[in-house]
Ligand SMILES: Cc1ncc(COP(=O)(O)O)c(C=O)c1O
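Next up: just one chain, as structure tokens, the form predicted alone.
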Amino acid sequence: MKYELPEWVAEWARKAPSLKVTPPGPKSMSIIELDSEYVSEANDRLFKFVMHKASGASIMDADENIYIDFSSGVGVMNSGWSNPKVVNIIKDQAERLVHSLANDSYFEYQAKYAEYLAKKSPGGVLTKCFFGNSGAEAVETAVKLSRYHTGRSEHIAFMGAYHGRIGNSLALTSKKTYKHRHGPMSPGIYFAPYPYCYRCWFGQEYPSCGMLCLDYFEKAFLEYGGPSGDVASVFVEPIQGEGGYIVPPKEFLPRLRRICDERDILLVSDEIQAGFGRSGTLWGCENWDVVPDIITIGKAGGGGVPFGGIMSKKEVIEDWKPGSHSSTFGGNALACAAGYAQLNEIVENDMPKRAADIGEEAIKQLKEVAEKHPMIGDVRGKGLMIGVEIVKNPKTKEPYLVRTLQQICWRKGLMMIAAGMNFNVFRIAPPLVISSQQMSDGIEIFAKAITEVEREEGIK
């Protein structure tokens, strides 16, 4: 099935890609120079790129260059840039109330949004919410709640995991480059192998491996090494995001659920990137019919306004008494109104199905491209959460940093961002409203870019 852009997408956005000047243009450079003088360089900004406006699945820079967006603002704008239903509710809410004092009073959209999320939660059983300001805060909340509920203090995450860059969320994150010189990390956090089948930790092949990684997790890691048996929760991304858009085998999440049940450990599904329709189902864990005890949400959950939160089974979160946790801006008026509107757009327009269909066709196209390009080591994904792993050699699988490829794509009118423990994975995560044609056009640009790089590197 071929999908068109929604009617509300601006006319200029339908022309992507369209470059008036070679980026970065003069207007962009003047802003970049100002930024360089006064803004911290902690952000690893690859592109000399100044956003001006966006609509649908397209972004315009300060020099009126128009790009196809394969990033969604890092998984935020799932219902599309400048979706009028989201924009209008933000405008209306801002005129009436910006800050709702949600930690000391009540607010309509906080209650309505929590109800909507509860009804759309996996199995309809995660019926209580707590709202904060970011995905990292959501993870911090889940850590606190799991400790409070279980009376235990240890947590398990997975190699390749990304859960945030502050406090416990950073401690639960696997990538060393994010932790460098920020230690010591929170104690009582352990890392188990995630089923990264393209680069198996145990040198096995799926399915003949028999899921050795889970055997190790269950029979060796939990019994003889790592945690002391005081485990409160296991944090897992149903599809790893920053780790490289890694899709686990079908056995992984169901068996992990069973392991947690047998040991009275809470299972926390980090849906900050995989949720809100991104993976072809409303929640990533629903791809495997798994119901976690807690879901962390963020990114797309605020409709573009800073947002984070958790959805929890009632019997877990009701242990919290008044004052157990709070947030000045959590559940604020703008974020709850915008989040409610975006969720409604995703549900009412069946965007998970749209993501599944467009994503399936995109993976097919990318695999056809991969047959002609040895630098493409692996293509994987679900819905519009697709990873393309770039290597120097398909036999050795030596990683190839994608910065050069990103620059070429950008200068041809395609915004793509990287992932992976070695920064060698392109993540393809456009707004769910992207058209079939825009997706194909973006893949064509990517194919041309990788042809240039292979020619320059002498890879055949």
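This is a predicted model, so every value here is computed, not measured. In this text, residue numbers run from 1 along the sequence as written.
Keep in mind that the form predicted in complex with the named molecule is missing from the display, and what follows is about it.
Here the chain stands alone, but in the predicted bound form its contact with the named molecule, taken as any heavy atom within 4.5 Å, falls in 163 to 171 among 319 to 327, 214 to 222, 352 to 360, 163 to 171. For the residues I272, V268, I310, V388, the 4.5 Å heavy atom test against the named molecule in the predicted bound form is passed only by I272. Only one of the listed residues (G135, G381, G280, G331) places a non-hydrogen atom within 4.5 angstroms of the named molecule in the predicted bound form, and that residue is G135. In the predicted bound form, K299 approaches the named molecule with a heavy atom inside 4.5 Å. Interface residue remark: D293 is not counted as part of the site for the named molecule in the predicted bound form, having no heavy atom within 4.5 Å.
Remark: E237 counts among the residues lining the named molecule in the predicted bound form, judged by a heavy atom distance of 4.5 Å or less. Taking non-hydrogen atoms only, E242 approaches the named molecule to within 4.5 angstroms in the predicted bound form.
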